[in-house]
Each structure stands twice: as structure tokens, then as C-alpha cells.
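One chain is shown next in C-alpha cells, namely the form predicted on its own.
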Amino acid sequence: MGFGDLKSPAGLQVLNDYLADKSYIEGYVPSQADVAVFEAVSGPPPADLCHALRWYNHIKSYEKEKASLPGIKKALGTYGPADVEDTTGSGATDSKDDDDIDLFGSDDEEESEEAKRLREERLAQYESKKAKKPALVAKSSILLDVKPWDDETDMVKLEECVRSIQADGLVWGSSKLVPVGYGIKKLQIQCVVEDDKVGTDMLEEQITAFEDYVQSMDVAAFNKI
């Protein structure tokens, strides 16, 4: 298992492919597994590695509370796809520590180059296999509750305003009016978004901008597709 060298383009590509259909390294919530991999990445992945960049920015938002995330941090090589060689073991460290006393350093260098060549070949094979598969786009289904000011609010116009919001990666779905009391009804509307392009913060900002009709917006349900 492993991602290879996460400071190299090849390793970041493996990470991006791994996260194409996952929100986190393990499970469905941020954990110490994400912290371990995050700390091995030298900085934000490039924009073309959209899944890795989405994950990186999300985990970065937990920076102040990462110590409290669940789970136990394990060796980096225990995470990731099973068919990629773990290159994060102690062998490289041991070799570096022994440089001062190793009289046969040239042999070690030859072995290191051979190991590097094999690793690059395996990563190239992995990338080639992944490239043949269509890229997966991470999407979410969101159910929004949009509340009016009172029972005199024009709900037809309110819904028109909400549906007038257009963005790449946003598709509006079905809707209905749900009674909340005192003759007031809220608009409950479904939408599907591409995670890298549209977020709930953006939706809330644009929907509540119609302040003549909208009092507030809440996320009633959020599901990965």
C-alpha cells in the first residue's frame, strides 16, 4: 500500500486518483489518516489534480483541531491503494544515517537508483491503468430549506429567484412548499452540485441576497453521490 512520494507529481497523481470517489483517506469523516497524509504533502496540489486539491483544502480547514480528530495516526505506507509500492519505510532513513560510516556507499547508491527506477515504473503502470478509466466527478445531492419572512411572501417569486441562480456544476431539481406554522410555508428544493465548483456557502450567500423574499436558508440534507 501507499501513495509513493507525495512530494512528487507522480505521488500526487496517485493521491488524486485515490480520492476521485472518496472524501477522506479512510471512512466518512476527517481522521488521523487524513492528518498523516496531509503532513506528507509539501503544499497544495496543482489545480488540475482537482480531487487532491479539494481534499487538501478541506483538511487544511481542520488545522487547529487536527490533534482532536478521531483515529490513531499510522505509518504513511499503510494508507492508499494496495497496488502501489510503499516507499515511506525506514530504509531510506537508515541509509541516510549510515552515510558517515558506510565505506561502500557506491553500492547503496546503485541499489537506491534501482529501487527508484522500479518505483517509477510501477507508478507509470498505475497511472496508465487509471488513465484508461473515465474521470469521476465528485457530486453531492443537497436539500435546501428556504424560509420566507412571513405568510404574505410571494413563494412563487421566491422560487423563481432561487432557480435564477446559475453556475457551472449546479443543477436544480424538484421542489415543494412545506408548512412551518402560522400559515407560513418554506420552500424545500433539491439540487445536485459538483463539489469542486459549488459549495453550500456560495448557495447561501446568493439565495439570502434576495432579502425581499428570503429570511434564511438551511441545509436539510447533504449526500455524496
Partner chain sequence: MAAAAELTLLEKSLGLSKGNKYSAQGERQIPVLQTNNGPSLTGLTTIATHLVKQANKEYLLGSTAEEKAIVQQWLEYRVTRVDGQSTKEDLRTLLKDLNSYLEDKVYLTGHNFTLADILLYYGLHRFIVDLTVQEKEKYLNVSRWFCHIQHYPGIRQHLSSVVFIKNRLYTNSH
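All values derive from a computational prediction rather than experimental measurement. Residue numbers count along the first chain shown, from 1.
There is another form of the same protein, the form predicted together with its partner chain; it is not shown, and what comes next is about it.
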Item to check | Contact residue in the predicted bound form, from Ser174, Ser61, Ser68, Ser42 (heavy atom within 4.5 Å of its partner chain) | outcome: Ser61
Checklist entry - Where, among 193-201, 32-40, 174-182, 49-57, do residues come within 4.5 Å of its partner chain in the predicted bound form by heavy atom distance? => result 49-57
Next on the checklist: Since only the chain is shown here, I'm wondering whether Ser23 would be in contact with its partner chain in the predicted bound form (any heavy atom pair within 4.5 Å).
Outcome noted: yes
Checklist entry - With the cut-off set at 4.5 Å between non-hydrogen atoms, does Leu19 touch its partner chain in the predicted bound form? => result yes
Checklist entry - What residues, if any, in 151-184 have a non-hydrogen atom within 4.5 angstroms of its partner chain in the predicted bound form? => result Lys157, Glu160, Ser164, Gln166
Checklist entry - Do Val14 and Asp168 move together or apart in the predicted bound form, judged by C-alpha distance changing 3 Å or more? => result closer
